[in-house]
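Okay, so here's just one chain, in structure tokens, the form predicted alone.
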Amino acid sequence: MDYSPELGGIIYRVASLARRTGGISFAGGYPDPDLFDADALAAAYNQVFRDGFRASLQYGDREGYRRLRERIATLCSTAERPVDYQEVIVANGGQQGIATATTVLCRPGDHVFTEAPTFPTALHVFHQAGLKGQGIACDADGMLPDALEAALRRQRPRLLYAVPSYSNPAGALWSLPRRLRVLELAVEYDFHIIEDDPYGLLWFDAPPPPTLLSLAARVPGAAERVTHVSSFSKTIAPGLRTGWMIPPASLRDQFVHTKLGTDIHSALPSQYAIDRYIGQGDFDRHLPKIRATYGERARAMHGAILEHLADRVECAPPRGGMFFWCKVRGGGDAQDLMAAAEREKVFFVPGVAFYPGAPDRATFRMSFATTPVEGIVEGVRRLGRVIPDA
């Protein structure tokens, strides 16, 4: 894989620089801490330690706390694809789901296909596993099935990694026909899919199409091809490190045993507290506030780009999630703009960090999640002084 951890490290260096020096940061892929439902979470933790703290401090089931697994199963179920709690394995964030699936499904030298661009910490996992990576072209409606099929004719991957709903970094939303076609190709060309879905609940105006996990019920043979991974990092809080994975039935035991070798089981106090937080209705009550806030900020960023950067930057407004994916018109290297942007005290992440192979250096990512509307407008205005005319 033509990728190294140092590339992904650009994100953390820029985000850290922004925190140290102040200014307006579009760099980090973090949720807004002001949107953490702190009082309700504190009440849930207090209830755990008041009523059942001994159980939450003891060793527990390898697969996770049953009641939380039941909550997750309900969250992931649809009419055409109900999920049983026994299918759910609680993980230390979605990242452990990606790493576990990679360990189970792949061996060094195997090929993995990803969206281009894609999530860099997944690329870190694939790099450590010794996989060979290839990016597949995308647009605002997600991965291009024709591009995927053309690549499959040249190389058979063991694995496809994808974020179909409001991806990081592109903010892309796969259309329903594309989701179904990719599932058909997985069966036809005999590869597995990791569906990473941390942003699927962060829609602005309308929910996304069903997950690949759900849609696999429509495509004969696809159910044994999809591992669904997600977390509460973007909807509750990332510091809780609570996510899950739903692997194919035939691989479930391998997933459990592989995870067992890394942590025995995920931390129980957070699992108990999240169960109570969801069960008391706080999750459902708070989620609309997150959607409304991010939707307002996304619209503000789009409006500011149209006003200050329309002749210099290409981008499609996202329909959910936390990110804008931009490209400098006429080419150039977004890394070369970082020093000038830093002098204006505005920060973004260059696209070089998000590709498994040769990057499009004219691209860059901006997150609107942690910046209020007035800061977004001012930050984009400052970028207008940095990015040259096309």
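The first residue of the shown sequence is 1; numbering continues from there. Predicted model only: the values in this text are computed from it and were never measured.
Absent from the display: the form predicted in complex with a small molecule. The rest refers to it.
A.B. asks: Looking at heavy atoms inside 4.5 Å, which stretch does the small molecule contact in the predicted complex, given the options 161-169, 301-309, 271-279, 201-209?
C.D. replies: Heavy-atom contact with the partner occurs in 161-169.
A.B. asks: Thinking of 99, 225 and 228 as the candidate spot, does the small molecule come within 4.5 Å of a heavy atom on all of them in the predicted complex?
C.D. replies: Zero of three within 4.5 Å in the predicted complex.
A.B. asks: Considering non-hydrogen atoms and a 4.5 Å limit, which listed residue (134, 258, 95, 235) is close to the small molecule in the predicted complex?
C.D. replies: It is 95 that has a heavy atom within 4.5 Å of the partner.
A.B. asks: Of 113, 126, 294, 119, which residue is found within 4.5 angstroms of the small molecule in the predicted complex when only non-hydrogen atoms are counted?
C.D. replies: After the contact test, the surviving option is 119.
A.B. asks: Residue 241 near the small molecule in the predicted complex, any heavy atom under 4.5 Å?
C.D. replies: Residue 241 belongs to the contact set for the small molecule.
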